[in-house]
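Starting off, we have a lone chain in the form predicted on its own, written out as structure tokens.
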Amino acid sequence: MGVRAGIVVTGTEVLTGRVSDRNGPWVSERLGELGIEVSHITCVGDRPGDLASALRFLEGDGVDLIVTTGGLGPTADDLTAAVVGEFAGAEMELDTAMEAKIARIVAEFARRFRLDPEGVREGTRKQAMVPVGGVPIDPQGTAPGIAMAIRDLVAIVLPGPPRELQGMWPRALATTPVEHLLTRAEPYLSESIRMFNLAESTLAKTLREIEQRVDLTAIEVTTCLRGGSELEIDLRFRASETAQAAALVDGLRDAHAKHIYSDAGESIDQVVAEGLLGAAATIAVAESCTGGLLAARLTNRPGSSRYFHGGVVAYSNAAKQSLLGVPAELIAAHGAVSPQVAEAMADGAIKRFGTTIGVGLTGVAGPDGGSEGKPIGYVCLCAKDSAGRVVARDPEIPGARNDIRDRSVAAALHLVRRLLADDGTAAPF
């Protein structure tokens, strides 16, 4: 099975939900990049017995690597190093060189805040205690880590603050016990495909059909539905399964080419940004029910000022008329939520900001305001360029208010992608 690992996240604040765990997923992703299979991510409170139980469980499960996060500070409840030492059957000893390093780090802080010198010395000494046989890892903050060979496994002990843990990660990998373990790991290869507006059941059927002619046993296929309309398909495999992975990717392309918007794992935000830059296009938006969420997505990336010129949030009919030039008679004839008004809003965005592309978005986000002809979730979207080319849709989007708003923004981004591609094959919603 190659090299397997378990991760133990310590901290009562994480266990109770007051703080979200950012370390477990981050460490798991880094280990996966190294070819190490993560079998468990376990969260325990600041209780020595629970941490010791987690360590024993993972050893009994046969993992080759245990990574712990948290519990390395100067306070009484920071007990991870001692518990790992007891688990290893090793006495704790003072690493005087590490004690001196920590002392230098905290000296200025202690002087500035007039901390009790004896308390600082005790905290420094506590953090510099290392199990006999452990390799200290220089701190990013004040808490050093530990790498240690323990019977048939290796343990990496790291602090809880994500900034410190991530900064220390390369140093942990460079320690002798971990370097030796990594020689046994075979890195994974990966492929990522992103699809829009394809049902999970349809994808599952396609995967079953491909599996009838291609052996996918050794390929890890992960599918994730995001935002109600975007499917992420991630493949992870060893070099020996490259041919099977390629056959799987080809099968997905053959079956669902019109739904694929990325075969390299890019988000729709990245695809649209690169498309705008590649076409030397500029864009402006006119939003009603999404209240500026589309503008936020378009400007979330550094450098977005090269293509994004501005946006208008026009909730009221009067705002649509005065800010975007939507004719009052058009609203009277078709209603504020209509394909005709969405296109007029796109025209208004182009004219007001002098861009090559405009997007109009108006809809009924709910929970009130729906009608028989225009129910909650009915949204009108239009992406149009200054040459008059239009890609427009008016779907009924399911979900609660926030779901409808978020999914409307995603749908609008995909319309921009279609307009930039100019292939005329936009799949219906």
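All residue numbers refer to positions in the sequence shown, first residue = 1. Every value quoted in this text rests on a predicted model; they were computed, and no experiment measured them.
Keep in mind that the form predicted together with a further copy of the same chain is missing from the display, and what follows is about it.
### Query
Which among 176-184, 217-225, 84-92, 329-337 is in contact with a further copy of the same chain in the predicted complex, heavy atoms within 4.5 angstroms?
Looking at the partner contacts, the answer comes out as 217-225.
#### Entry: Contact assignment for a further copy of the same chain in the predicted complex, among 293, 110, 231, 271, heavy atom within 4.5 Å
So the residue touching a further copy of the same chain in the predicted complex, by this definition, is 293.
### Message
Please identify the residue among 353, 261, 237, 169 with any heavy atom within 4.5 Å of a further copy of the same chain in the predicted complex.
### Response
If I apply the 4.5 Å criterion carefully, the residue I get is 353.
#### Entry: Output flag, 35, 75 and 267 jointly within 4.5 Å of a further copy of the same chain in the predicted complex, heavy atom basis
No, because 35, 75 and 267 lack any heavy atom that approaches a further copy of the same chain to within 4.5 Å in the predicted complex.
### Query
How about residue 421: is it within 4.5 Å of a further copy of the same chain in the predicted complex, going by heavy atoms?
Residue-level check for residue 421: no, no contact with a further copy of the same chain.
### Query
Taking the shortest heavy atom distance, is residue 311 within 4.5 Å of a further copy of the same chain in the predicted complex?
Within the cut-off, so yes.
### Message
Under a 4.5 Å heavy atom criterion, is residue 125 part of the interface with a further copy of the same chain in the predicted complex?
### Response
Flag for residue 125 set to no.
### Task
Answer with yes or no whether residue 386 is in contact with a further copy of the same chain in the predicted complex, where contact means some heavy atom within 4.5 Å.
Because no heavy atom of residue 386 falls inside 4.5 Å of a further copy of the same chain in the predicted complex, the answer is no.
### Task
At a 4.5 angstroms cut-off on non-hydrogen atoms, which residues of 298-321 are near a further copy of the same chain in the predicted complex? List them in order.
If the 4.5 Å heavy-atom criterion is applied to a further copy of the same chain in the predicted complex, 298-321 yields 299, 300, 301, 302, 304, 305, 308, 309, 310, 311, 312, 313, 314, 315, 316, 319.
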